[in-house]
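Only one chain is included here, represented as structure tokens and corresponding to the form predicted on its own.
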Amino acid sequence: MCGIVGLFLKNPALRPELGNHVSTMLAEMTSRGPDSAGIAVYHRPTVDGVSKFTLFHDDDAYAWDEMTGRLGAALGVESDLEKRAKHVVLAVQSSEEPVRAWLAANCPDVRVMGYGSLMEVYKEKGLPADVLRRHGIPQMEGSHAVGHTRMATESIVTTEHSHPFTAAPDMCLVHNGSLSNHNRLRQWLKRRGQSFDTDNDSEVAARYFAYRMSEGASLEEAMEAGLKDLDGFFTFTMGTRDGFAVLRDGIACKPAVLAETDDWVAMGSEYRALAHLPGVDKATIWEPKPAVVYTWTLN
């Protein structure tokens, strides 16, 4: 049992309150997932030619400055570093692939949580409220965010098994449910060049959708393809640089609720995650239908 939330702000005037609202939403899902929590926040876009990475190391004393110095010397690039608990946000004057390749070859103990030009991903073991506070999420501005609280019923409690899972620039997924064919799909994706960091079935789903979009599918088309190829029960919430999507499987046994006003769209595993949002009393509220893809895009 896990809890998932998503908040997509249609009204730019509300962006200064994104972190505050989504933190309240995620904390309400603590009883569905007290083991770990994670969140992807879409904010602070980089300038052209600069890539942004959210990195994690379990050692509080990890020598991040030394690492970035080695990276800059090896690639001949400049970078900026911001530390948030055991995570750092690294902005590099480079495309993503050379940086990811250098990190994999030279710093295998550093985990890439997310990358792109807009998204930052923070996830860690512990109660959701503590994870959110340590990383300053309530003070963050932005356009949209997705979050997850995890109850580790089938695997060890680790940061790397926590959601969201990232599989492409500015793309992430959170999942409530379980896939039955993830091992077969993992092998299928490996043959098509995909690599994996964990044995989590949700990472398979994230990389499946990323692969479909790399072939040219839209977010909606990729999720519709998943209804045929992903076997199991699931509620997915996904974020991209300019989009937000929700999908339940054909049986829809995992709980979910959507609410929408002129100012925002919100998703939660339970209504109480949405109850504190401004104007929720006037929102259109519904349970997402089985096997229907719901998407929204920034104007």
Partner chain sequence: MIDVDIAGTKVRALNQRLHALPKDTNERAWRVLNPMGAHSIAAGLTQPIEVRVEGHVGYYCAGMNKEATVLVDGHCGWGFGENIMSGLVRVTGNASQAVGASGHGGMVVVDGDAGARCAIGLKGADVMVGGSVGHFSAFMAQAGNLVVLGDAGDNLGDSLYEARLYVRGSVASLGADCVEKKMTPHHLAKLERLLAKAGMNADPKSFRRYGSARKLYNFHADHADAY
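These figures come from a predicted structure and were not determined experimentally. Positions refer to the first chain, counted from 1.
A second form of this protein, the form predicted in complex with its partner chain, is not displayed here; the remarks below concern that form.
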Within 4.5 Å of its partner chain in the model of the complex, counting heavy atoms only, one of 36-44, 236-244, 263-271, 53-61 shows up; tell me which.
263-271
Are all three residues Ala129, Leu132 and His161 in contact with its partner chain in the model of the complex, where contact means a non-hydrogen atom within 4.5 Å?
no
Gly279 versus its partner chain, in the model of the complex: is there a non-hydrogen atom within 4.5 Å?
no
Is Gly250 a contact residue for its partner chain in the model of the complex, using a 4.5 Å heavy atom cut-off?
yes
Interface membership of Pro255, its partner chain in the model of the complex, 4.5 Å heavy atom rule:
yes
Please check if Pro290 has a heavy atom lying within 4.5 Å of any heavy atom of its partner chain in the model of the complex.
yes
